[in-house]
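Heads up, the chain below is alone and in the form predicted on its own; it's given as structure tokens.
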């Protein structure tokens, strides 16, 4: 491991100033960053420890029905907050399906948004990777592409975003609050992560020194609570990243869909909002034939980035299944195997 400076600021402004220096990186739980440092993938010259900054570890339930989540709130604390889990069940389900219990106890909300791709070629410093070293090439092209992107990829990068948490957040129009040298700004989470384009080394729209201070879910997300699910297909039932995943949230009047939200994970370098599919469902009966048409629309632009055409078929299926589960109603309790297609759905359905 390379040598680095360590700095513990006492205010957000101190943190931003320290992290704006070239080579600096923020340290919270470090569940991703420290692994990258140990493997030589990340080599920061300065770590800015934000764990002790005041006011960033609170869950604030807003009067209008939304919620503001501090960037240092731990994933497990958010998922197990009773009010949050009842109002935003798909987000809680996504959190509980990620990593292990030990990691969820340590990992932070802000860090989850910033975790880097799990592409094997990115982690292997002997492989060419434009994300790790701009201009080096992408050795994943022509390699083992089973877990790589089918939407939004380019010849320069075919990696995917690994977050479970971000998928339902994008579906529910979450906002990221960011503090920087120029002050505070807000960015819709849907626009926060970048597709590879001509700068695959940039994962997000953050500028040097900018710090995520909170994530906010608007009041308009709460009415989906009765019909919201997150579903994830992975190579093993626990402690694995998604091959594909989907968040589905519906507002239903009688048997007709009044409003729909759909987002996919594991298919692109950012959580993928399926807006055309959402629009198609409005006014339709909440039945499988409509869900299948929506799934076709959601993956209409998908194309394999190698030997991974199966992901397109799988993603269509997971959208249909997530919509069907959402239409059936949100379980009163999170299933024993959160987000797993093999989980039973215990308990009465929510009536809210």
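Numbering follows the first chain given and starts at 1. Note that the structure is predicted; figures quoted are calculated from it, not measured.
Another form, the form predicted together with a small molecule, is not on view; read the next lines as being about it.
Comment: 113-121 is the region of 77-85, 113-121, 275-283, 259-267 lying near the small molecule in the model of the complex, near meaning a non-hydrogen atom within 4.5 Å. The small molecule is not drawn, but in the model of the complex it has a heavy atom within 4.5 Å of residue 240. Contact check for residue 291: every heavy atom lies farther than 4.5 Å from the small molecule in the model of the complex. Using a 4.5 Å cutoff between non-hydrogen atoms, residue 295 does not count as a contact of the small molecule in the model of the complex. At a distance threshold of 4.5 angstroms between non-hydrogen atoms, residue 152 is out of contact with the small molecule in the model of the complex.
Checked against the small molecule in the model of the complex, the candidates 170, 221, 228, 212 yield a single residue with a heavy atom inside 4.5 Å, and that residue is 212. Among the residues 71, 174, 244, 249, the one placing a heavy atom within 4.5 Å of the small molecule in the model of the complex is 71.
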